[in-house]
Ligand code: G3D
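Starting off, we have a lone chain in the form predicted alone, written out as structure tokens.
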Amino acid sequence: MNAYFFKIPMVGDGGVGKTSLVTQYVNKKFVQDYKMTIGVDFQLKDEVLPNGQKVKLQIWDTGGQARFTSIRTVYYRGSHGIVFMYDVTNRASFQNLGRWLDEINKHNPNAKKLIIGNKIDLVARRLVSTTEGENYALSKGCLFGETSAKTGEGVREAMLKLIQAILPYYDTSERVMKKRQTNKRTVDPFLHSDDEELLFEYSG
């Protein structure tokens, strides 16, 4: 089967673990101390679904600080799914989900939405219960999952849930073609990648 290509930004308050979760999902590793994401960064992930369908993901890790708002919104347009993340040990990050939903709905209201409660390994420090998270997601028409970016618990399961929700809404015109169209390095000064990987536009 040819692969689908999906663009998925990660949003949420600073410090909730977005970078850690992306790194755990893509590279299966956890780094204790990360520098704050400046603007946006991205990683690519090849995923194979249980039915054998191949999916290529471009996952955008966005900075949660208010000063990056204008940068973030550029990457919302054309996204197939959005991950909203909060920290289960930080109630304010959960209460701020409404603000993040409003920001996305201004730019891409039709994207499939997944709310993730992260840091479930910190059991003694939990302030937001699973039930509370589930009920909130249900009230907003969003999917829901809980994860530990540190241990990897629930990470792939949550991402598969989002991918499988996106798939029925896209036909073969959305599939990645083997021939890349135009090699194009980003001009966004805030975007960086350690290996200087090029971004590619795929014909659909």
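Residue numbers run from 1 along the displayed sequence. Bear in mind the structure is a predicted one, so any value in this text is a computation, not a measurement.
Absent from the display: the form predicted together with this ligand. The rest refers to it.
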note = Among 115 to 123, 76 to 84, 100 to 108, 129 to 137, the stretch whose residues bring a heavy atom within 4.5 Å of this ligand in the predicted complex is 115 to 123
ask   = Though only this chain appears here, would A158 touch this ligand in the predicted complex if you measure heavy atom gaps against 4.5 Å?
value = no
task = Decide whether P9 counts as a contact residue for this ligand in the predicted complex under a heavy atom distance cut-off of 4.5 Å.
result = no
ask   = Does Q58 reach this ligand in the predicted complex if we count a contact as any heavy atom within 4.5 Å?
value = no
key: Contact test in the predicted complex: A149 vs this ligand, heavy atoms, 4.5 Å   = yes
ask   = Hey, which residues along 12 to 26 are within 4.5 angstroms of this ligand in the predicted complex, non-hydrogen atoms only?
value = D13, G14, G15, V16, G17, K18, T19, S20
